[in-house]
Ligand SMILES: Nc1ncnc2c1ncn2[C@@H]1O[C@H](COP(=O)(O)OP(=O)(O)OP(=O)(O)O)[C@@H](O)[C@H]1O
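What follows is one chain in structure tokens, specifically the form predicted alone.
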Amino acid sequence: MLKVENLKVEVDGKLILKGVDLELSPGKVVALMGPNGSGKTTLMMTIMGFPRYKVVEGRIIFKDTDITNLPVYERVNLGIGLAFQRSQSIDGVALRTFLKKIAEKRGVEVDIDGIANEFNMGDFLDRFVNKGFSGGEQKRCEFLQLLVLNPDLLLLDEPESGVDLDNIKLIGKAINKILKREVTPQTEGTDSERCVDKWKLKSALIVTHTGYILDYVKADEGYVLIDGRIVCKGNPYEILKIVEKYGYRRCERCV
């Protein structure tokens, strides 16, 4: 689904990513961890194609297509969706109108009231996007947009950041709904074991600091990013145990 090869990225003239290699198979969820300032958000924004993040070396391959130099809207049309760590408000645009426009662009019919009520956002549809929303409401608003967009690859930048446990559970439910997975990670069997066409399987790259979201969304593999480099990969739940006990620097021994 996604392949990042030797990715080196500058932001405002400073080298942030220093040769990142990462793979994400169809139907899989990868957790990306690392200390503050390690380059996790930079990697997300670069995959999404924001122009501030300049690729100086390497490639980004999405579904066998080189997207390294494509603009954001083309990446969205190919099937990539991003939930921001910090959402922006859009004054003067009602959430209902915004969601309808997304559905029109995707050429799909969506029960906006139905999915909004399912995720406790029904009362927000006629308010301006994120205007005056709390942290949890902003996060749910982001995932409501993703539910309508229905991307093949989810880029989720700290979905549990700044929200309470009830909202984390709802966000986990939304992620699993988009991925067509069951809510509980213990459930056996996913689309990846039943679907023949690999491109019909949905994948996610989740940046997480706490790992709380992984209680509700089963991650298949974990990566640790430190100082712009991947220093470790493996079982995400085992990595979290090590980080909780020893800190991120212990992960560098994997190299």
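Start at 1 and count along the sequence shown; that's the residue number. Here the structure is a predicted model, which means the values were calculated and not measured.
Below, we refer to the form predicted together with this ligand, which is not included among the displayed structures.
K.L.:
Exactly one residue in 35, 26, 58, 49 has a non-hydrogen atom within 4.5 Å of this ligand in the model of the complex; which is it?
P.N.:
Contact check passes for 35.
K.L.:
Residue-level question: is residue 202 within 4.5 Å of this ligand in the model of the complex, judged on heavy atoms?
P.N.:
No, residue 202 stays farther than 4.5 Å from this ligand in the model of the complex.
K.L.:
Considering only heavy atoms, tell me if residue 68 and this ligand come within 4.5 Å of each other in the model of the complex.
P.N.:
It does not: once this ligand is placed as it appears in the model of the complex, residue 68 has no heavy atom within 4.5 Å of it.
K.L.:
Is the gap between residue 245 and this ligand in the model of the complex 4.5 Å or less for some heavy atom pair?
P.N.:
Outside the cut-off, so no.
K.L.:
Answer with yes or no whether residue 218 is in contact with this ligand in the model of the complex, where contact means some heavy atom within 4.5 Å.
P.N.:
Taking the distances in the model of the complex, the answer for residue 218 is no, it never comes within 4.5 Å of this ligand.
K.L.:
Look at the candidate spot formed by 113, 118 and 163 and say whether this ligand comes within 4.5 Å of a heavy atom in all three of them in the model of the complex.
P.N.:
Zero of three within 4.5 Å in the model of the complex.
K.L.:
Though the partner is not shown here, which residues of 1-31 have a heavy atom within 4.5 Å of this ligand in the model of the complex?
P.N.:
Heavy-atom contacts to this ligand in the model of the complex: 11, 12, 14, 16.
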